[in-house]
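What follows is a single chain, given as structure tokens, in the form predicted on its own.
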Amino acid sequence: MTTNRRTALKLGSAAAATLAASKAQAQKDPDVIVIGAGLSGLYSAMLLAEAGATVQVIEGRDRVGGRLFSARNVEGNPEWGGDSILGGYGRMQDVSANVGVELVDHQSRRDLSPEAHKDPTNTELALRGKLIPKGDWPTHPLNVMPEGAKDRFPGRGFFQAVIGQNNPLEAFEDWLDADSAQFDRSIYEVFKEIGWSDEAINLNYNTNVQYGTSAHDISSLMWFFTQAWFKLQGDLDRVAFKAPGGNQSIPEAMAASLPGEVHLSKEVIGIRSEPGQAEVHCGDGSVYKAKRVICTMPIPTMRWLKFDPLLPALKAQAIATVPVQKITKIIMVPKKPFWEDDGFSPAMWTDTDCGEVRALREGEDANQITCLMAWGRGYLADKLDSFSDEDAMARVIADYERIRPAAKGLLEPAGIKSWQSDPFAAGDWAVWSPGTVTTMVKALIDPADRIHFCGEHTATSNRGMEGAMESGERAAFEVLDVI
């Protein structure tokens, strides 16, 4: 046999081996790659698997759960992320039952009593470093509440009630209708139209902002939708379910129910759509291939991805510009119930670095406070993040002790979580600026080539955990329609 003949045979054998390997690999490639092992990704994967599709879930973190993350070093496992499963969270309740997580209702631990020193879930008011007793507030010099509300403490409960009373939507689902575009303006404008002063807006909204960074940069249309939706939750069933071991137990059980393992520590850096398949490229050099990709990544983290081909212009604009909530939480564990000494609730609403402090009762004894959690949102979150974790916790505790001398030396820092500093989140829930609801929501939802998108930022009928589940369901059905 000639050398050329032998060479040709060898090359032919090599080509055949390569082709066989390619076919074997193609057979191993799943139908769908799901990027992200949070609620939306895991739920979409479960639905796809139940329908007979092969799925591979990959996750950048070294854990599953996404923005469900429980502080398991603290009694009662308080939540750094999603907190309560409400009455209308049908998907969350059903899936929890299906994967063997028996939820516990904590609603009684959230209800308020008129006697603050007996019920620590009441919230005290502290302005300019001073605690203001409820009886002093109606005539207090710092009281700039609107007329008719001088006896009300400022904060979430008050301004949310006002938004609910002035809600023009007949049903919360109407928020994306073309006729609702007229309400896609700042909540600041709404407050001004109902007669609030700038001082009242600043005190009630900007001091401890819930969405956005101020009343100027959040759409009233988002607020109208959100308040109507939350009202529905209570109307359906007044519950606040949590999972034993922390809510993170739910996505952990969901992941365990899948046919295959979730691949962790797979940071995605690019997604390519080609004829017949899509490729997902990871920072460690690994490449995943499938017919379709479901991307659950939060809005800011998609800004770091390379999409090939480029995304449609409006979708790219939405990813580049839609903001997400800045939020930093700090947990403090009391060594003893100091609030019994000064007679006030340990929960406070302040204009200091403490922000809003909640008293949590997460343990077996429903009447025992297990920890205090300080919430810093918006620019306060930015401020806290400018310090080291240790210094940020020390500042919050120091401010708390200045307001409440009875707490001096009795608060142990138990942890801090900045969601905007988390490279796999870069913030928390999506917030909609004035003028963006009617232009950006659909753009974030629409598929692009072989990529489908889900996550709470693409939900249209729900918020929070249930919104994530709704979006995962939609993405799964989209994919099943085309594979």
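The first residue of the sequence shown is number 1, and the count goes up from there. This is a predicted model, so every value here is computed, not measured.
What comes next is about the form predicted together with a small molecule, which does not appear here.
The stretch that touches the small molecule in the predicted complex, counting heavy atoms within 4.5 Å, is 292-300, out of 310-318, 292-300, 186-194, 383-391. In the predicted complex, residue 61 approaches the small molecule with a heavy atom inside 4.5 Å.
The closest heavy atom approach of residue 452 to the small molecule in the predicted complex falls outside 4.5 Å. Shown alone here, residue 224 lies farther than 4.5 Å from the small molecule in the predicted complex, counting heavy atoms only. In the predicted complex, at least one heavy atom of residue 267 sits within 4.5 Å of a heavy atom of the small molecule.
The putative spot formed by 65, 80 and 456 is fully lined by the small molecule in the predicted complex; each residue has a non-hydrogen atom within 4.5 angstroms of it.
327 is the sole member of 331, 327, 411, 359 with a non-hydrogen atom within 4.5 Å of the small molecule in the predicted complex. Interface residue among 175, 89, 400, 344, judged by heavy atoms within 4.5 Å of the small molecule in the predicted complex: 89.
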